[in-house]
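The chain that follows stands alone, in the form predicted alone, written as structure tokens.
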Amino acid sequence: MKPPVTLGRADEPLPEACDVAIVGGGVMGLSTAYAVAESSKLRVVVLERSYLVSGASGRNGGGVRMQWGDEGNVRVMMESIEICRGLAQELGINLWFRQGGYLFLARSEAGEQRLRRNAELHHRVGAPTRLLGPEEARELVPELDVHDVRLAAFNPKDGVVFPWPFVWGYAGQAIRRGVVVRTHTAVEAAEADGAGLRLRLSTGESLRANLVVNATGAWCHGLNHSLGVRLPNRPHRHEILSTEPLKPFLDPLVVDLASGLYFSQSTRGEIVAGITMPDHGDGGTDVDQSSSLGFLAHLGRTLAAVMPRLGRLKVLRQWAGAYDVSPDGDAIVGPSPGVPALLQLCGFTGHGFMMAPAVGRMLARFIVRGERHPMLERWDPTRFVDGRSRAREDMIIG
């Protein structure tokens, strides 16, 4: 039996220097730390300003899907879901991974065309998405109101995981492989130190690293700005709630394209739901994680219309997290403009959690062997400087 592992400590001793310092102890940072440690002897340190899962990784609905509108994202998620299938055994922790599928509902001609176009793409790359009529959708979810649904799309390999053990599993196995995980320690600034960088910490300590990975998501601008790096991603508040439990009846995660509503049922029976809210404009780089009555009212009305039975449910918990929104919908991953020792790992527009298993491996191969995956070329942070940025994806939910 393996001895228990403490998942990061505020008093964890730090070395004076390391090969790779990862700032941010969410799923992106920890999956990368685990993959680097698994495939190399590099000295890796993870720095988290609070406790593990305190940020976006612990505040999402846990959905994982390969139903995207862009081939690159579909392929990334096909790999990520395949990794998830064996991840509980690999990490030694129950992730509560359940492949009940995603069911997308289209109520407009534009939505119908989008699902048809996506299904053709999915078939071409081997993703098992199939198109359904309204009544077929109701057979999957019997209590849906489908009176104005034109078309639905269902992929049985999509699913849901429980976010917290997802992060804890990566942390535990990274630590077993020699990664130092220091919590409750913020990086206040960074400065050039030879070919690498020196991080100034909130504890008064400093750490020199040959490479620094900025995996802080919507909080990335503090570290970036200390090095003169300016990127156009911005935080966006996204709210979510969970209800009192019901006897399990809902297998797929349901997404209504018309409203941006999505909801699923956890293994404990709660309905977990979110919805697209009107954009209130650019809030700068400040992260807002407050909850609102407007969200509760809007989601309640929309959810009750889609499935009337759910209108009577009591809400037990409501919270908010931060999407790290990239202007072209693509992630921002790789060496920073003008500061190659700072690797960006941000800008996933609310979908980094599901991509983390594949992206962690992808970035680790770049760090360890210099291998550039085609998506790293596309996600290159310098694209905003030289004009290569362009929108590709229209299946961004929430």
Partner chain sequence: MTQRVFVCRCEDVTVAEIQHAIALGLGSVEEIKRYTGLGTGPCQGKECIVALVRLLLAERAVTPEAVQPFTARPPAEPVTLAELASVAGTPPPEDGP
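Computed from a predicted model, the values in this text were never measured in an experiment. Residue numbers count along the first chain shown, from 1.
There is another form of this protein, the form predicted in complex with the partner chain, and it is not shown here; the text below is about that form.
Look at 343 to 351, 37 to 45, 325 to 333, 55 to 63: in the predicted complex, residues with non-hydrogen atoms within 4.5 angstroms of the partner chain sit in 55 to 63. Residue contact check for residue 310: one or more of its heavy atoms lie within 4.5 Å of the partner chain in the predicted complex. Contact annotation for residue 184: at least one heavy atom lies within 4.5 Å of the partner chain in the predicted complex. Under a 4.5 angstroms non-hydrogen atom cutoff, the partner chain in the predicted complex has residue 260 among its neighbouring residues.
By the criterion of a heavy atom within 4.5 Å, residue 278 is counted among the residues contacting the partner chain in the predicted complex. Relative to the partner chain in the predicted complex, residues 293, 301 and 319 are all within 4.5 Å by at least one heavy atom. Checking 315, 88, 189, 121 for any heavy atom within 4.5 Å of the partner chain in the predicted complex turns up a single hit: 315.
The listed set 114, 157, 234, 238 contains one residue whose heavy atoms approach the partner chain in the predicted complex to within 4.5 Å, identified as 114.
Applying a 4.5 Å heavy atom cutoff to the partner chain in the predicted complex picks out 164, 168, 184 from 163 to 199, in order along the sequence.
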